[in-house]
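Here we start with a single chain on its own, the form predicted alone, put down as structure tokens.
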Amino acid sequence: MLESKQMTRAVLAWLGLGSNLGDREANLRFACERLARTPGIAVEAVSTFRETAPVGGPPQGAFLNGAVRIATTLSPPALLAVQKAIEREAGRRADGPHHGPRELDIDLLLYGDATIDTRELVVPHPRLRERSFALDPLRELGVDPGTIPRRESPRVIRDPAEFAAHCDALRRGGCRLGLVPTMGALHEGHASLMRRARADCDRVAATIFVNPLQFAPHEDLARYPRPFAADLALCAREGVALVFAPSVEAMYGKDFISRIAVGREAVGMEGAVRPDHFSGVATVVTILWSLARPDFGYFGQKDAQQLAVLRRVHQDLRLCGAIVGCPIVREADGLAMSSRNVYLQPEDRRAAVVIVAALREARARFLAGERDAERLVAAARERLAGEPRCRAVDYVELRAPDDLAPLPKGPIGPARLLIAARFGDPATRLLDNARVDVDEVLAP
């Protein structure tokens, strides 16, 4: 990332010009004249102006587009400030609709051979290669589009130090950073986390790392799905800027011995079935958090106990930013999306929706007035027992809805029912949960 400082020598830069309100040609000529009168800017050449159809935004009239080549001693942020000032002088309003009609648009397309990525400015312009209305004037001004640096989207990083440096550069550029930690085998549930992160943040970093610390020796570490090309395609579709995909050796090294100790949120349920699991999850997430130092980290509610454990780690270790829990994303029949669903044979996949039926059964009884926890759990277990392809039930538990603390004795109030059950051969463990006191939809 280029530092925001005054340049001491002239740099060639190319600006894109556009107008579709008022006297379009006069607006573009005003921009060129105003640039030429600005100290630190010398206008070297102006392309011909050409009419083009609008791209995106509400219905609007055709644009007149062109480009200008300048030599400038201004830094990119200073040049951007000049551009915005000239746009305002031409009558453009800051509160106009996004991609709406405007009297004048000035984009910094290229600034020497610099690559810039800040909240306010991305150079080369991120959609430059897609826009003939910008490329054609650049060709006229002597730019070979083949020499324009290609932006990786997303940028794949393997080295932890490099990932930390890129995240740090984004923060220095004023970007709010969202982190989406994953083990890959991405699906629509992961995509929903990325979309939420994009809505909240200026840039999103996703991690793809199958973490050996959270697998016991008898578990499915070796066969866990790793469709990296498909995962990258999903990240690109969702606008992820960085994908951190390290090797195990890069993450841990041969002498790695440290672990994060976890407390009461890890007791019971997954903590009982997989005793070292949450320590491994907490350790890898803490490492990722320390590298990225995000403003927000995004995790799905499907792994409700994991979310509770990570909230506690985040609080106790006073990590930066905040953890955001996001709703469960479900298949059309209601089954919670999981990377492990692909393990299931068709008949076991169909049978697995009994988990959703068990959640609905307990909720229906609660909403009908039942407040005894044992009877609610028994109702859910009875539904699971009625499915012969359900090989085993690891647990069915009612807990407090958010921190998953054990419920006090006596009639219950707000609560979350958590289920882990096994289907198929070899058995695949599926997790799900839902509030019993809230009539939430358990299908799309």
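Counting begins at 1, following the sequence as shown. Please read these numbers as outputs of a predicted model, since none were measured by experiment.
Omitted from view is the form predicted together with pantoate, to which the following refers.
- Of the candidate stretches 303-311, 345-353, 255-263, 319-327, only 303-311 contains residues with a heavy atom within 4.5 Å of pantoate in the predicted bound form.
- For the three marked residues, T182, V281 and F299, a heavy atom of each sits within 4.5 Å of pantoate in the predicted bound form.
- Taking non-hydrogen atoms only, V285 approaches pantoate to within 4.5 angstroms in the predicted bound form.
- Although the partner is absent here, N211 is a contact residue: one of its heavy atoms lies within 4.5 angstroms of pantoate in the predicted bound form.
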